[in-house]
Structure formats: C-alpha cells, structure tokens
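The chain below stands alone and is given as structure tokens, in the form predicted alone.
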C-alpha cells in the first residue's frame, strides 16, 4: 500500500478558523482507501480457481480488480447503474469482467451473490467483513502515527467500513464524527433505531456512499465509538468539492469531499483549540464537473 500524504492547513484555510489536517486517501492505489480492505481480504483468503466476485458503486470494484490482478486471481465486478462513467471506464481498462446490474449498490450485490453461488468464486463484500474493516482502519493507524494527538476525526460513511475501521483504531482516544449525505442517512437511521435498518438512498454522492444498510461488522465499531453523526446536503458536498479544487488544487469525488462538507457547512463545529483530522477518501470522478 501507499502511505498517502498528510496535509496540514494553516488557520483560516478554506475559511475555517482552526487548523485542519487532511489525510489524502484519494492518492491511494485506484484512487481511494478501498484498496486497503481489498488487499486485507485477498491476502488472508484461500481464493478458488474461479477467482473473486465483488459488488461496488465503483471504488471497491476498482480496488478488487487491482488487488486481484496483482495477486493473479480472475475477478468479476458487479456495479450499479449509478456508477460514474469515469469509474466504469477505469474498471474496463483493468482486465476484470464488468457487469452493470440494477440501480444502486444493493442491486449489484444481489447479482454478485448469484454469480458467486453459481460459479464457486469467492465473494468479497465492500464493507461488511471484519478483514475489510481492519484493512480500512490502517488508514487511521497511518494518520495516528504521522499526526499523533488529534482530538477529532471527521469521516464519511457509506456502508461504514472506513469509519468503522478508523473508530476501532482510535477507540476512545479521539472524537469520531461520522458524516453522511442527507439523502443517504444509513448510520443516522441505525443510531435512531439502535440497530442497522434499510433506508432509501440517492443524491450527489450515492455512487460511493449509497449503501442502504450499515454493515453488521462496521456497526459493532460505529455504535461503540462514534461520538457525533451529522448529515450534509448535496449542495454542501458540491461546495466542498469546489473549494478543495479552487483553494488547494485537490480534485475529490463527492463521497471523498463529504467529511469536509461537515465542517464547511457548520454541521460540525469544532471547539476553539480542537485539533481536527479530515479524511479526503476518494478521487474517482470526472474533474471537468468542477468547472
């Protein structure tokens, strides 16, 4: 894995009073943190001759295709219709079989499970696997080693693998602020209900944060260690993308900018001397949309 850059911003950057630390996971292999979880599983698994099958809105698909190719395994990737063309184009160039199935992630997951049952291939879940959660958590371990003593981590949530892994690493040593789009309130509704439940999803970041239900394995960490769960609008996510590009020349996809949107929109307001780390977790999109 790449040890991705950490960028410390001066007070006043992006119009925020406090100093921020950005963990730039969009510079990871395949453009997101997902490669961590994919390698974590495949290095531990007995992979059959039929190879691996995975469902993803795009980023986990890219990660599995990359990891499988590096380790010499065939891969079939099922993606929903909501996947951005930029992600599909990269997938098709990577050598994996690509199948478009259904409108959202859960539809693609159902199709992937049918293929795995019929072929004997190993099914990889994008977030609901303890090895995936552990792999994503190495991002938090890296950040903790590079910038020890952060008070707060702000992390986007889709199925919960990244935020769950980071929460498991930090435990009670830092405040964990989970951020979701208002139109993908998977964790927010689970916290209200006291358990994962299915929700309707859509909106600007649905391709990467559009899981309809929090995974059981991420939930074990999220329900224990998340201190705040905030919701942001699609407009706030777009604004975070534009400001990252205009002021820092960082081109982040909608899901990748969602955590920063929590700070820029005031959904989460840090204390005066609070040391805050923000995960910029993906960059797979058409950067022309920032114009």
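Positions refer to the first chain, counted from 1. What you see is a predicted model; the values in this text were computed from it and never measured.
Not on display, but discussed next: the form predicted together with a further copy of the same chain.
- Note on the partner interface in the predicted complex: the residue among 26, 236, 35, 229 having a heavy atom within 4.5 angstroms of a further copy of the same chain is 26.
- In the predicted complex, at least one heavy atom of residue 250 sits within 4.5 Å of a heavy atom of a further copy of the same chain.
- Within 4.5 Å of any heavy atom of a further copy of the same chain in the predicted complex lies no heavy atom of residue 277.
- Heavy atoms of residue 13 reach within 4.5 Å of a further copy of the same chain in the predicted complex, making it an interface residue.
- In the predicted complex, at least one heavy atom of residue 246 sits within 4.5 Å of a heavy atom of a further copy of the same chain.
- In the predicted complex, a further copy of the same chain lies within 4.5 angstroms of at least one heavy atom of each of the following residues of 268-291: 283, 284, 285, 286, 287, 288, 290, 291, in sequence order.
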